[in-house]
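Given next, in structure tokens, is a single chain: the form predicted on its own.
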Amino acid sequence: MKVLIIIPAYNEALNIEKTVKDVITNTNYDYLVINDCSKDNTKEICEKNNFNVISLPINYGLTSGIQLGMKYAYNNDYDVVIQFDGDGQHEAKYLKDLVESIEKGTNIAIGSRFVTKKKPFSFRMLGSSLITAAIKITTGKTIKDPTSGMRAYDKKAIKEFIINASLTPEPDTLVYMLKKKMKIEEIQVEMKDREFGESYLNPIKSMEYMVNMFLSIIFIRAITRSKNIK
């Protein structure tokens, strides 16, 4: 299978080199860094190391970066696209397991922290549990780690991103895909704590994010009609 790893990066100068080298060392897949007009020297580090990178002229946000990667994959006939965070929290050694799931017929494989392990109790995990419940209510499917940013998509799922510009790399898109009768599987992985830098999701933004996802799932994605994509 022809596989492309999309690595979105915004102000990841302290993490991007280690992240890309992890991908290069532990996989034989193609990769593409989407530098979202970082204010630090993420771009310069990628260019110095001759990484495969597209640098955007302005900060478009995560969704636009992923959509750009999807279009690149679609236009270059990739079979699988993997979303892989640029902050160093993901480990490339698990990506082959996601690809194997796609090879067996899964449309979307999620690198999940909670397939065999219990979700810890925290404010953020409480929000994750709320999203899990909303997905269960609207689709009947349990997604234990809906906010995981490590996901593999097959050609059918990639095409959905191409024809529907409203899709995002967020949990509500999983509901959309399930409504389209796609098969989603979670694969147990381990994730590390961010070593450098800070997440854009502070406590207040985390709360806003969880509420927005819940509302989108219940009132927007839940009414998606099934239609087969060839």
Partner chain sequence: MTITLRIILVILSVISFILCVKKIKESKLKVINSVTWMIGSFLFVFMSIFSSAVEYISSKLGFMAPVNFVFLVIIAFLLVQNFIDNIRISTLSEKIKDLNHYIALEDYKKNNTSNDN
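Residue numbers count along the first chain shown, from 1. Just so it is clear, the model here is predicted, and its values are computed rather than measured.
There is also a form predicted together with its partner chain; it is not shown, and the following applies to it.
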Just give me the single entry in 68, 184, 45, 189 that has a non-hydrogen atom within 4.5 angstroms of its partner chain in the predicted bound form. 68
From the list 49, 26, 41, 52, which entry has a heavy atom within 4.5 Å of its partner chain in the predicted bound form? 52
Answer with yes or no whether residue 72 is in contact with its partner chain in the predicted bound form, where contact means some heavy atom within 4.5 Å. yes
Contact with its partner chain in the predicted bound form for residue 177, defined as at least one heavy atom pair within 4.5 Å: yes or no? no
With the partner left out here, check for me: in the predicted bound form, does some heavy atom of residue 58 sit within 4.5 Å of its partner chain? yes
Look up in the predicted bound form whether residue 165 has a non-hydrogen atom within 4.5 angstroms of its partner chain, and give yes or no. yes
Heavy atoms within 4.5 Å of its partner chain in the predicted bound form is the criterion; list the residues of 28 to 51 that meet it. 32
